[in-house]
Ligand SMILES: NC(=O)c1ccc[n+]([C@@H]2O[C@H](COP(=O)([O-])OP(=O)(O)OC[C@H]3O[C@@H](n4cnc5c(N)ncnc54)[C@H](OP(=O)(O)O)[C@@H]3O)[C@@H](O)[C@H]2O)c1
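Only one chain is shown below, in structure tokens, and it's the form predicted alone.
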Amino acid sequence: MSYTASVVGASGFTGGELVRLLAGHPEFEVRQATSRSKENRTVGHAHPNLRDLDLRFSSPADLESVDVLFAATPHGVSMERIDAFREAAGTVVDLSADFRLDTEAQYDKWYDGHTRPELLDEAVYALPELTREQLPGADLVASGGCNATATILGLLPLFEADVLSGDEQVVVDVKVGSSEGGAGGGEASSHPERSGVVRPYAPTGHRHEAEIEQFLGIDVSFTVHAVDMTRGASATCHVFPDGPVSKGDLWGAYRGSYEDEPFVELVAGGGGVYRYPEPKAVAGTNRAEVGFELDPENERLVVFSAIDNMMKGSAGQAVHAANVALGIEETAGLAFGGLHPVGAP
């Protein structure tokens, strides 16, 4: 069975990735790609890698009827237009932050409130490694934030295997590429300003903390740095367990959680150049790399995770979740394994 799809906000970086994935997906047919600023232009005008597609941007005010609508819009748009989105499609996958959190109080604290809080209970978080059982049949799916995704994937096995209880101190440092700022990221994301930097841009209070706290039940000390790469999010988590933890405990936890996951690979201090997770190794893919190391002298556990922020952290996660929600083979349309060597991701 094939499904028709539209992408709202298709001229942005993530919107372009969605169109690329859906156009190559064996079960999807892209019917519409919307853009206010590029209406009537070809999709290839904004995304040169998609020049072969016979598709033009249309107005987001004129939504076609499709099976699945993917919304790659700025925060606040989807909650205002959700009725129109749901009228146009039986399944809505939102890539903004509008439906990621459970309660209105969380949006009051972390964002600027919420205009449709009655719908928050209906939304299912899009990360299949976390919510696979809730996704089948879901008609409102909320893709996770890229920094939260990297962090959750790194730490989740420790909680599933009861290595951690949630009372331990956890310090998370994330390095992210410039594409996280979007196509309109502004001066701070421009190449002359971004080149060569390791810049703390969210030392405290990053909004993605809310997702980590919601799904792992912990308070984290969370800092994000902007670095000189285009794609990628790399999380280093410093965990201080209450009791002793062995390498065997860690391998058991991570294998138990991820051995059968199609898009998570364990990279924990092996041989070669790429001994721990690196964004460069997963650029353009829906894969996440996760690894760890023990520091027994300081009673510390260091967890590493790396994703492509626009794929596993956004568009790829959204398509993966849609596959599960619709009963499609999970890996459909997401088989690209990356390239090596590559330049800056």
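In this text, residue numbers run from 1 along the sequence as written. Since the model is a prediction, treat every value here as computed from it, not as a measurement.
Beyond what is shown, the protein has a form predicted in complex with this ligand; the following relates to that form.
- Three-residue candidate spot T151, H206 and F215; no residue lies within 4.5 angstroms of this ligand in the predicted complex by any non-hydrogen atom.
- Taking L158, V141, A72, V172 one by one, only a single residue has any non-hydrogen atom within 4.5 Å of this ligand in the predicted complex, and it is A72.
- Stretch-level contact check against this ligand in the predicted complex with heavy atoms at 4.5 Å: of 74 to 82, 249 to 257, 188 to 196, 117 to 125, the positive one is 74 to 82.
- Contact check for P277: no non-hydrogen atom falls within 4.5 Å of this ligand in the predicted complex.
- Shown alone here, E129 lies farther than 4.5 Å from this ligand in the predicted complex, counting heavy atoms only.
- In the predicted complex, this ligand sits within 4.5 Å of a heavy atom of A10.
- Contact between L95 and this ligand in the predicted complex is found at the 4.5 Å heavy atom cutoff.
- Along 147 to 166, not one residue places a heavy atom within 4.5 Å of this ligand in the predicted complex.
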